[in-house]
Ligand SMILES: C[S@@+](CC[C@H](N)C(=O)[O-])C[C@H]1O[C@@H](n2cnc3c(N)ncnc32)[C@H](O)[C@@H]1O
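As structure tokens, one chain now follows by itself in the form predicted on its own.
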Amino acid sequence: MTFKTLTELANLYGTDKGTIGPTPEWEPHNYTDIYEAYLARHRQSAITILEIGLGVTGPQWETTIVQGRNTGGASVKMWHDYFPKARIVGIDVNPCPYLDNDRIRTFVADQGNPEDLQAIVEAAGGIEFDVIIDDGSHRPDHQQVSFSVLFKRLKAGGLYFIEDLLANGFGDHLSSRHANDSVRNTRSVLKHFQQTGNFLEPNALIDPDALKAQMASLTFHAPKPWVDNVRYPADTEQICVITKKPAPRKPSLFSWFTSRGA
């Protein structure tokens, strides 16, 4: 059997994570190469995925990407096909029960509201996730609140992706609905941590010391320049991947006896 690549599935359903958008006029991000590099080895595993932001129409948020080949929920459909054994939980401010099936379950929540996020975790049975993907509002305060609450629900060794790291925070040129001037943009908050071990302030992180203690690695990626005029310059890092520390190894029976001088 021949399996489609993640890019092929992205392009099929019209999510801009691939190399073509839902319409010829919509510029894609080309994130799928990055995702596949991390996730291909888990393709046949029964992993649990959480995606924030499903790209569906509704009263709470104008979702302009729903056009052309994208009929709503394009990326969650992509994940469903790419991971045939995965359970997928989706969060959006707009309801989309029509996406639910035996492996997809969607919830309505504001990703900038910690109580909403915690309620979703409890409604989903308190499960932990192997992979969390933030493709929600792109607002820096929302990204940082979601990271604070949901990183705790990531399994040891799990992966947390934040897409669309924009210059949209305090001190930046603010010009879109994705902006917020009360916190630094998420890229700069995390870059500062990568360089100094501390998060840049002001930020919306909750219990930053707990986050520091659980972060194993932080890597930034720029989308591959697949055409001459890409939406973002090739040297602009638009996505980050945060790995949670693995679970501590339990000592073997042999090492226990050795330590006691047996």
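The shown structure was predicted, so the numbers you read here are calculated from the model rather than taken from an experiment. Note that residue numbering begins at 1 and tracks the sequence as displayed.
We do not show the form predicted together with the ligand, though everything after this point is about it.
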- Message: Quick check for you: of 121-129, 149-157, 185-193, 90-98, which stretch puts a non-hydrogen atom within 4.5 Å of the ligand in the predicted bound form?
- Response: 90-98
- Query: Are L9, Y38 and R103 jointly within 4.5 Å of the ligand in the predicted bound form, each by at least one heavy atom?
  - Reply: no
- Do L50 and the ligand come within 4.5 Å of each other in the predicted bound form, heavy atoms counted? no
- Task: Mark S75 yes when one of its heavy atoms lies within 4.5 Å of a heavy atom of the ligand in the predicted bound form, and no otherwise.
- Result: yes
- Message: Contact with the ligand in the predicted bound form for Q67, defined as at least one heavy atom pair within 4.5 Å: yes or no?
- Response: no
- Query: Does the ligand get within 4.5 angstroms of any non-hydrogen atom of T63 in the predicted bound form?
  - Reply: yes
- Note on the structure: Restricting to 117-139, the residues within 4.5 Å of the ligand in the predicted bound form through any heavy atom are D135, G136, S137, H138
